[in-house]
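The form predicted on its own is given below as one chain in structure tokens.
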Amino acid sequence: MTGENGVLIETKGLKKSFGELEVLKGIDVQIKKGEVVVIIGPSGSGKSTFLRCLNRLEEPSGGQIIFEGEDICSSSANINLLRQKMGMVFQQFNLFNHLNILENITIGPRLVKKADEKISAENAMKLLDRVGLADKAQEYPSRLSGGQKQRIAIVRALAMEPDVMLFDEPTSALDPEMVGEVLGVMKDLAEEGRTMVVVTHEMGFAQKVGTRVLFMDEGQILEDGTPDQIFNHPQNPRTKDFLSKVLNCI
């Protein structure tokens, strides 16, 4: 279910502090169904904290998060049910090393959604086939490369059939030669029309795949626009300064 005008997620005055440190300083943003929103900015700007607040892995210090029309910061919100609708892919893969790949993917649907074991396995194999890893179903994580593990982590999130996918710098722990295979899977998901919120340092992905780009610095969204607007016609001086350092083109 989406809200008014197709809005899937909306934050109003979202704040997060760690002790005296104010990491998010009142974030107001809307994310619509089908958008690929890419969040860029310098390290320490609050990007990952913002993403982790969206499914309350970090508890906001103030403000609202409206997901599918419901304030998930409300005491009456069933956060565990809501998290089933938000697939999360982390920097580290967080796979269960004692389970094989098929078991890693099916454990969520079976235990959380009480899905049939056979149907869960069939769905998992279809997803593995899509990312080119069907032949790894019986392998264990220790036998896979970093890029393969991250593709498995994406499949594991997809197996829960979420309404939105959240990616927290999914390529930052990978060797350079493995980055492309993960970004390729993400690009395919975007082309399917999936709603995605992606924190990344991969500027090429932001430019080519993002439908919107948010530039964050010091706990605030300083600029919000299309990839063309942000990368080719940035208005905020801090956006320009950041892009000049990472792209050396402004």
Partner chain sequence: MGIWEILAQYYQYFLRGTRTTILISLITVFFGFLLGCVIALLRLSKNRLLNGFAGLYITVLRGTPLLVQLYIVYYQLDFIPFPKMTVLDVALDRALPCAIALSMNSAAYIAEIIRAGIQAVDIGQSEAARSVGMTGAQTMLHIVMPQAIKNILPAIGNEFVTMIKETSIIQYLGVSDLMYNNGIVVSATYNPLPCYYISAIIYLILNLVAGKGVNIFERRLKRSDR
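Positions refer to the first chain, counted from 1. Since this is a predicted model, take the numbers as computed values, not measurements.
A second form of this protein, the form predicted together with the partner chain, is not displayed here; the remarks below concern that form.
Stretch-level contact analysis of 170-178, 91-99, 121-129, 68-76 against the partner chain in the predicted bound form, using heavy atoms and a 4.5 Å limit, identifies 91-99. Interface membership of residue 115, defined by any non-hydrogen atom within 4.5 Å of the partner chain in the predicted bound form, is ruled out. The partner chain is not drawn, but in the predicted bound form it has a heavy atom within 4.5 Å of residue 55. In the predicted bound form, the partner chain lies within 4.5 Å of some heavy atom of residue 80. The closest heavy atom approach of residue 146 to the partner chain in the predicted bound form falls outside 4.5 Å. Across the proposed site, 182, 220 and 243 without exception lack any heavy atom within 4.5 Å of the partner chain in the predicted bound form.
Using a 4.5 Å cut-off on any heavy atom, the residues of 131-159 that reach the partner chain in the predicted bound form are, in sequence order, 140, 142, 156.
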